[in-house]
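Coming up are structure 1 and structure 2: the same protein chain in two forms, each one given alone as structure tokens.
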Structure 1
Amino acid sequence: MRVVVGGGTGFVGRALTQLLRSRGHQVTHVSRRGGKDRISWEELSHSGLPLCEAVVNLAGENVLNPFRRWSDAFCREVVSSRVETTKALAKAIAAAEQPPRAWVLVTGVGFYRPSPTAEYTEDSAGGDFDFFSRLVSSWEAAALIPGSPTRGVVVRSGVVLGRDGGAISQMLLPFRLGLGGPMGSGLQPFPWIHIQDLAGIVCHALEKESVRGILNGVAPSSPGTSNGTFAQELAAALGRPALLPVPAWAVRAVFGAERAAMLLEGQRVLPKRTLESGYRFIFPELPAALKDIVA
């Protein structure tokens, strides 16, 4: 297949591109600047979608960038980097003379209301109680193309674990120094997925004609993982203790209250439809996933 990937040069995009190319697919990125195997967002809006069989959107400003203050301007950037890029791709798909067969959008489990006890499947309600849930709702709405023959899939991703980026890259130094620990109470659920599995689910959604609708991008064992368990397992994978909890006030001081809620609260999310669709996880359990990443 020829696959067009928005945000293909980012953390998840690099893993997906590698997987798709290893499976014989051709990949064209949509990014800020054009180049070899790349078109710019401006080119997309002027010239339309290149001839392709599938489109994926992974574009989005890193919400948890600790170097960016949580301000109105940053909020607008977070929203437009997701919603506007999704709208641009959906518009290009709708206008294509030969529409692609599949259209996959990766959003987040922030759609579901944080709870220490509730469990969420792909059919659970959510999407309208805080900044992030409303962001996911408008992001997913932007992907809809009424009457289109293109098959649509949305993957709601948990915290993506992998080398060279994502959540772990910011945690490794304190944990390696023996200064890591749970955030806040440590009891909050920690919905996670290994980057190879997130790329694998997207690839599965592209290749399997019967897959459509919502898929939860979380590991099967993630509903049983708390933030405290994650901290212990990461420390164990590094051969270090995890003795120093990060107090909730410190997390709020660094990230601001709205972003801190993503770290101090969590959702138990089950990949029910993902498993029913036939996807087989490479890293269903946390210890093996972390061992692969920090080895």
Structure 2
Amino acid sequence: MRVVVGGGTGFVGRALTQLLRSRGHQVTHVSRRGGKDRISWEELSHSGLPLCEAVVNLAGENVLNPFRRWSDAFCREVVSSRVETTKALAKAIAAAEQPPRAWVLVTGVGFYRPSPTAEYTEDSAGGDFDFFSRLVSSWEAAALIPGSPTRGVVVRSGVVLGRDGGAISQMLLPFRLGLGGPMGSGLQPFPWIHIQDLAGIVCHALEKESVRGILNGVAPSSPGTSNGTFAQELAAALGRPALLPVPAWAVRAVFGAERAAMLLEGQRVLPKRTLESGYRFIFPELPAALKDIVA
């Protein structure tokens, strides 16, 4: 199948592209930068969607970029890089003479209200209580194409754990030096997924005609993982101690209060529909996932 991937040059996109190509699919990226097997967002809006059977959107300004201050301008970029790219792809799908069969968007579990106790499935309510939950709502709304024959899937992802990017790349140095530890109280849930499983779920959603609607992109054991257990397991995988908690005030000082909430709070999320849809996780448990990443 020919697959067009917005933001396919990034951390998740590289893993997805590799998986799709290994399964015999052809991949074209939509990117702000030119290159082989790429088109620009301008080309997409002027010339329409290249002939393809499936579309994915992974584009988005990195929310946890510690080098960017949490300003109004940055907030607008975080929103528009997701909502506008999703709208552009949805519009191109709606206008395509031969519409693709599948359209997959990756958003986040920030849709669900952080809580130390509540457990959320794809049927749970959310999306209307803070900046990130409202972002997910407008992002997912931008993907809707009323009356379209194209099958739509949204994967709400937890923190993506992988070797060359994402949250772990920022944590590895302090943890290797034995300076890592839980953030804040460490009791907050830590919803996570191994990058191979997120790429696997997107690929499953593209290939399996019966999959549609929301799928939670978190490991099955993720509801039992707290930020503190994550810190302990990462330290154990590296053979280092995890003794030094990072105080909540320090996290707020680096990221700003709104973004710090993403690290200091969390959700227990179950991949109920994902499992029911027939997806089998490669890394359901944290120790094996971390061993694979840091080995």
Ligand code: NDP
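Numbering runs along the sequence of structure 1, starting at 1. Under this definition, the rigid core comprises the largest set of C-alpha atoms superposing within 1.5 Å between the forms. Only residues modelled in both forms are compared. The model shown is predicted, which means the values in this text are computed figures rather than measured ones.
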property	result
Which of the two shown is the form predicted in complex with the named molecule	2
Regions of at least 3 residues displaced between structure 1 and structure 2 by 2 angstroms or more (CA, core superposed)	33-35
